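Only one chain is shown below, in structure tokens, and it's the form predicted on its own.
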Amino acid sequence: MRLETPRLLIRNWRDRDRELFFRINSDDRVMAFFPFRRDREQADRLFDMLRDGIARNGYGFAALELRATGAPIGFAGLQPAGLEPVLPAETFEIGWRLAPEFWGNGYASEAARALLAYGFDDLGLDEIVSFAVWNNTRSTAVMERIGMRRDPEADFDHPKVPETHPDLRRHVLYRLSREAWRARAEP
């Protein structure tokens, strides 16, 4: 997978990205809505898994690179949600995570729009979802900016968040169908 936007390159991971990947997965600000932080070994294991998955499948959470400088800034991507029975097995989610110094520049929205086009046009997906902790307004704002709409009837308690973190269990679900995306893209 290699996608370009006006400011970003969305590509598979390279070894030079490992430090940034570890940093964003262990940063308290970035991971504020997650019940864990990854140590270096855990981050490296996930890094390898994501890189191999993208190489094998052509999708996944991929590196975001600034085209102007070549600097990695975080990741964004599409992947199976893996939340059965909360969501059907064929459900694809879109997600993102950026280093804090790159927040507020529209990079997540820019990457997400390119990924939606890839998901609907190239992968042939009928629907893409996204979800976040109910009060994660930064993420839900991106979801709304890219045309996703909340489905309050489908909000859920995340089955992978331990009971020891009740404030992080409740998640809101946003959806975008291929038809709604195409209608939004038409002039």
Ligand SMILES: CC(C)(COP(=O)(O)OP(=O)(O)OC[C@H]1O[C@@H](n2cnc3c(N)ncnc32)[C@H](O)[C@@H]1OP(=O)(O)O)[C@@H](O)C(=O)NCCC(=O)NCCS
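All values reported here derive from a predicted model rather than from experimental measurement. Residue positions are given as counts along the sequence shown, with the first one as 1.
Here the subject shifts to the form predicted together with this ligand, a form of this protein not shown in this document.
At a distance of at most 4.5 angstroms from this ligand in the predicted complex, all three residues V30, W103 and R138 contribute at least one non-hydrogen atom. Contact check for F36: no non-hydrogen atom falls within 4.5 Å of this ligand in the predicted complex.
In the predicted complex, this ligand sits within 4.5 Å of a heavy atom belonging to R145. This ligand in the predicted complex comes within 4.5 Å of no heavy atom belonging to L50. Contact between V86 and this ligand in the predicted complex is not found at the 4.5 Å heavy atom cutoff. For this ligand in the predicted complex, the listed stretch (158-166, 36-44, 51-59, 125-133) containing residues with heavy atoms inside 4.5 Å is 125-133.
Contact annotation for 86-113: residues with any non-hydrogen atom within 4.5 angstroms of this ligand in the predicted complex are W96, R97, L98, F102, W103, G104, N105, G106, Y107, A108, S109, listed in sequence order.
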